[in-house]
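Quick heads-up: it's one chain on its own, the form predicted on its own, in structure tokens.
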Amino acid sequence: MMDRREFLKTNAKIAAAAAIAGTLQSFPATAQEQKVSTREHNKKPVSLLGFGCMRLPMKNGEVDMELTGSLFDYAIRHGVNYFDTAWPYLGGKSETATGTLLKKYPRESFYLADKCPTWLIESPQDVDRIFDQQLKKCQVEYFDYYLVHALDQGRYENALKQNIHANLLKKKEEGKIKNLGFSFHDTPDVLEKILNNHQWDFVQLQINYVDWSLQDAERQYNLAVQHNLPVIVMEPLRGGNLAVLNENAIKVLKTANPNASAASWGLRYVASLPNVLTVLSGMNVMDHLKDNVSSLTGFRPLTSKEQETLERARQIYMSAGAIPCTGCDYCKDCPMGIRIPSLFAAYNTYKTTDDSKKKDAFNRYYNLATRNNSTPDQCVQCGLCEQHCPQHLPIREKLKEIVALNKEINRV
């Protein structure tokens, strides 16, 4: 892991590079407009804040169209023009909801991103079938940004076998895809191979101030820069974890700026990288959306002093020992019905909560996670969850830790 001196040195370079507006230009909005800042791609302005549609508001098992519609409307009124959905999001319901709610807006007024579910492609015909279904679900004739979804070494091998990239290039030639890229969850070496082997227009990476060193997002970002590819950032707040942190880390940030949320620090961190085109955030609560819009309106990169403050908060947060789970739910199909992300949330709540409140906080979240009567001690060690985890977490071992923690604090 990068030490403090190296972290600060690297991020001083980031701040300096962003300040002189490197590969992509930033256009701050006026106070009167209150529009999210934009960066240019292909001579068109793309909002620095992108709306991630993986975690839309739900009601009775369906997307809450009224609430989601109000979120979309607010975002668009304030300059957000990039919307990101995918085949598996919300059990296949995200694409339909996103397309339906964007339908009332002129097609040229927004950018829509969707993704090819690599793990479902068993023949070249599957690419065509799924792509055509996605166009219909989203009610569009083309995608502005289309990605090969969640590539790692295994999925990349399948993509090669099924000739996915060549198939999608044809769709780009036909005008059905304007920009072709991929999202990525693996090591920098695998990323470099994928970048070298194919022609891409952009790449989507998991970048935040924890993963900059934890998952070597720094090298991944620099590889994209070397290939002159704009970067779409996913998980800038690590599934919301960096929006809450822990009490002592929050104190550091609040002392530096009482009016800034923890989330705003995380968004500004990644937006300070000059090759970042847009920062995706899953915003299913209006207050979160408003805060994110405010954070990236009239955008200013983090200063060197702010970088030092954020590093102090990062060190405090990391020392708490939370599980670096983003809550993506890719592991949710556990054969025993164990709700893994919810259990990890209970564990992380315990680790990051003030001592006097730890037990009650853990039990509240643990009881919610096990209300279907599937407890972590029922894990059969099949390892399916770990095969699907984009963070490559040792899930089975962590479940054992949660079992032990529950026994320790509740004497069961």
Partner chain sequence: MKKKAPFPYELRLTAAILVFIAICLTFSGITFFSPAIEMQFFPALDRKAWGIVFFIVLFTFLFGRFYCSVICPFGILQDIIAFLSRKKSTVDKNRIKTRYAITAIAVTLLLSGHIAVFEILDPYSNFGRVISFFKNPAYITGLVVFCIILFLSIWKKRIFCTSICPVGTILGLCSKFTPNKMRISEKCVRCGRCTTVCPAGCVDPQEKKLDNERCVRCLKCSAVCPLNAVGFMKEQTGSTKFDLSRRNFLTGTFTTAAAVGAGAVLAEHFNVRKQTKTSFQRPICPPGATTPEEFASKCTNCQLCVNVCQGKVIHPKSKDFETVHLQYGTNYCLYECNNCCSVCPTGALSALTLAEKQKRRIAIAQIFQDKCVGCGTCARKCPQGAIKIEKINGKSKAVLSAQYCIGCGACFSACPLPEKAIRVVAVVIQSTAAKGIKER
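Numbering follows the first chain given and starts at 1. Computed from a predicted model, the values in this text were never measured in an experiment.
Beyond what is shown, the protein has a form predicted together with the partner chain; the following relates to that form.
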item	value
Stretch in contact, per heavy atom within 4.5 angstroms of the partner chain in the model of the complex, of 366-374, 61-69, 46-54, 345-353	366-374
Close approach of Ile130 to the partner chain in the model of the complex, 4.5 Å, heavy atom	no
Non-hydrogen atom contact Cys334 with the partner chain in the model of the complex at 4.5 angstroms	yes
Asn42 within 4.5 Å of the partner chain in the model of the complex, heavy atoms	no
Contact label in the model of the complex: Asp73 to the partner chain, heavy atom within 4.5 Å	no
Site test, Ser304, Thr309 and Ile316 vs the partner chain in the model of the complex, non-hydrogen atom cutoff 4.5 Å	no
In the model of the complex: members of 360-396 within 4.5 Å of the partner chain, any heavy atom	Asn373, Ser374, Gln378, Cys379, Val380, Gln381, Cys382, Leu384, Gln387
